[in-house]
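Only one chain is shown below, in structure tokens, and it's the form predicted on its own.
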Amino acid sequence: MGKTMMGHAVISTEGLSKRFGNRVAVDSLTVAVGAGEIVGLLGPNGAGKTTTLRMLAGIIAPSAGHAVVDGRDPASEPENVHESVGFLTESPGFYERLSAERNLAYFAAFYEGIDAKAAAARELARLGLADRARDKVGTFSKGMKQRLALARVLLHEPRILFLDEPTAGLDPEAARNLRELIVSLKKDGCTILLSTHNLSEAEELSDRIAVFRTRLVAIDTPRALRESQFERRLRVRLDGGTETCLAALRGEPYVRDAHEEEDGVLTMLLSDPDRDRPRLVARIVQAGGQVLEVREDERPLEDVYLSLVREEEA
């Protein structure tokens, strides 16, 4: 669990746990996140995702274990951790009767050495809100408020971002724009923990995905998680001749399974899909088949997630 994909670990935990009375919210979390990496946090409600982010941000203290965020312990040095971390909560609050620029300038003043007015103007421009800078926040749509919330998180130009359901409740266009911004922040070198219930969003944005159910069930790339739960299958679309091709393929030692899934489409399980794909196509052509398409039959991330969670329940 301590392995990272990208650079040195800027976030690491060892046995990090949190109890609320008799209820275990997070159970012995040990994980490492590399610099410039996006890790998506998936899990049902109450799985411990938000509690984990709050511990890493120094908002609440762990019951056991410890964490290091950008070289600091958030439990003993919360103010120092806040200098390098931006935390977008699921329900950010603003002063509705104040303008967007006055809201941001107010929050920017909490950070030492920041030109509050300049920082507010910079982030309003970055989030596409410069033309609404003097409008009261109470007149903003939910999508605009979410962009303003991210602008507030970025005021002190943090190197690490914790994003809790950043696109929840947004319309498709607003959600897409926010995802594009997250990608640009990663390109600028930000390390990001992204808690979301949107599985397609998690897969689109994340280098690795961590599945939670109070404890860490699994963490890996989306592809590796798929392969841990389901065997890789190839789908080959043919222009006729499927029966002849099937008969030929079933005699090949590297073809573990082959059947016609739908009219003109063969689904195959190979010993090594990457190695065997070229000779599979060559054998189909040799048998008289005309190949229109070859692609991997990827199971939806939802199937992978549900399989992991059910396996944990069992």
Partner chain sequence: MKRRIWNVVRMEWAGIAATPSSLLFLVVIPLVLVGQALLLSWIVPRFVNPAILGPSATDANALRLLILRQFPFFVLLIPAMVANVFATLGIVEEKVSRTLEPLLATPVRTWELLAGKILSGALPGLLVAWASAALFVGVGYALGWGSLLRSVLTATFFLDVLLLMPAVSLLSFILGVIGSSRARDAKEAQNLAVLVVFPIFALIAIQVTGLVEFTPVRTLLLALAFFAVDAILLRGAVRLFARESIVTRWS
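None of the values given here were measured: they were computed from a predicted structure. Residue numbers count along the first chain shown, from 1.
The same protein also exists as the form predicted in complex with the partner chain; that form is not shown, yet it is the one meant from here on.
Heavy atoms within 4.5 Å of the partner chain in the model of the complex: which stretch in 93 to 101, 187 to 195, 218 to 226, 123 to 131 meets that? Among the candidates, contact is made by 93 to 101.
Among 239, 254 and 294, does every residue place a heavy atom within 4.5 Å of the partner chain in the model of the complex? No, the whole trio is out of contact, none within 4.5 Å by any heavy atom.
Of 235, 82, 72, 213, which one comes within 4.5 Å of the partner chain in the model of the complex, counting heavy atoms only? If I apply the 4.5 Å criterion carefully, the residue I get is 82.
Between the options 269, 61, 282, 247, which residue brings a heavy atom to within 4.5 Å of the partner chain in the model of the complex? By the 4.5 Å heavy-atom cutoff, the listed residue in contact is 61.
Using the partner position in the model of the complex, report whether residue 152 sits within 4.5 Å of the partner chain, counting heavy atoms only. Taking the distances in the model of the complex, the answer for residue 152 is yes, it comes within 4.5 Å of the partner chain.
Proximity of residue 173 to the partner chain in the model of the complex, heavy atoms at 4.5 Å: No, no contact at 4.5 Å.
Flag residue 243 as yes or no: does it have a non-hydrogen atom within 4.5 angstroms of any non-hydrogen atom of the partner chain in the model of the complex? No, residue 243 is distant from the partner.
Is residue 230 a contact residue for the partner chain in the model of the complex, using a 4.5 Å heavy atom cut-off? Judged by the heavy-atom cut-off of 4.5 Å, residue 230 is well away from the partner chain in the model of the complex.
Any residue of 98 to 114 that, in the model of the complex, places a heavy atom within 4.5 Å of the partner chain: Contacts from 98 to 114: 98, 102, 103, 106, 107, 108, 109, 110, 111, 112, 114.
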